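Presented below, as structure tokens, is a lone chain in the form predicted alone.
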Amino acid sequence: MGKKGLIPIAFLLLLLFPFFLPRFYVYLSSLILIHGLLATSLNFVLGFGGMYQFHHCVFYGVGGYTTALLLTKTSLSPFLAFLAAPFASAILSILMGVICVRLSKLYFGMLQISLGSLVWAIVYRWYSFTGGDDGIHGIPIPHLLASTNSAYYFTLVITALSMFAMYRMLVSPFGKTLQGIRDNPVRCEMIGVNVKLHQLLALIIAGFFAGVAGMLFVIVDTTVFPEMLFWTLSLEVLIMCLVGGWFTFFGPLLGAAILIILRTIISTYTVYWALVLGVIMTLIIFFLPNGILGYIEEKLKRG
């Protein structure tokens, strides 16, 4: 059975999770899906676009805060608040992308960290609007999505649709051109490809789906906090891409599952999760530079 045949089977298994898993593990599965979507949106520009997006979680946080603020401070329909989140993240991605896309590689990443940290600082200090370092808690969620199981199913469907949309984009002429720019931007520019425009569009798409992930987190956790926009979470999501396989489509989702499950298990025994994460990252870099799924795909091709 090919990879495409395994996808519907995996989706059916995910649909059955709430029937035989305790409530906590259903919640944990929702977090894996959300972080898998977030990591995949990062990999859209990192692994497939070759852009060093080091502060991707700022778009995740903006999506979450947009939903939270509209739900707590306005009388708009909750579903309008859900729709507004990815568009707010996409707008921020346009603003940051127009500035950052002028640079390349490490300089691109460092400038993005600076701009993202500025957004984080505003959220962290604006107590009267964002709640400051306390965040926003007890966000009212529509009754239809208020239970753990309903939030999980909503997250599963939206994540699946978002992943499918990103996959279709990557196999389209736009996606193939983006990968060509990753491999050789100079040659692409010489044959008439507008490199900066393609990179900017990729950044907007990645920011949009990061905003979707932020919106889903609000539904599942009913809270937002400034750490959602902090650079350390961006680093953790970057590690998810590297662990799973940053040149594969489903690698980031696998990496998210591995890291979240390991963090949940290890955190019950020690507070030094960051130390364990550093060891994992070191082993991956030395022994599996293309990530776990990348290693598996390489072995299958040789076999």
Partner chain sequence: MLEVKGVSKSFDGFMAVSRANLTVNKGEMVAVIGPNGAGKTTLFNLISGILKPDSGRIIYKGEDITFLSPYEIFRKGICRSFQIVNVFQRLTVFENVQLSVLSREKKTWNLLMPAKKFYVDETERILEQVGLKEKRDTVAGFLSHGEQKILEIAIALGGKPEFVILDEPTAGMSPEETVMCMELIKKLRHEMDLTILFCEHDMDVVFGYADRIMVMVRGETVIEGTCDEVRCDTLVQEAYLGVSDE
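Owing to the predicted nature of the structure, the values given are computational and were not obtained by experimental measurement. Residue numbers count along the first chain shown, from 1.
There is another form of this protein, the form predicted in complex with the partner chain, and it is not shown here; the text below is about that form.
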Every residue of 168, 188 and 302 near the partner chain in the predicted complex, heavy atom within 4.5 Å: yes
Proximity of residue 109 to the partner chain in the predicted complex, heavy atoms at 4.5 Å: no
Contact of residue 74 with the partner chain in the predicted complex (heavy atom, 4.5 Å): no
Contact test in the predicted complex: residue 174 vs the partner chain, heavy atoms, 4.5 Å: yes
4.5 Å heavy atom contact, residue 197 and the partner chain in the predicted complex: yes
Listed range touching the partner chain, judged in the predicted complex by heavy atoms within 4.5 Å, from 177-185, 154-162, 226-234, 127-135: 177-185
The partner chain: the contacting residue among 219, 205, 123, 96 in the predicted complex [heavy atom, 4.5 Å]: 205
Selected contact from 250, 247, 54, 27, since only one has a non-hydrogen atom within 4.5 angstroms of the partner chain in the predicted complex: 247
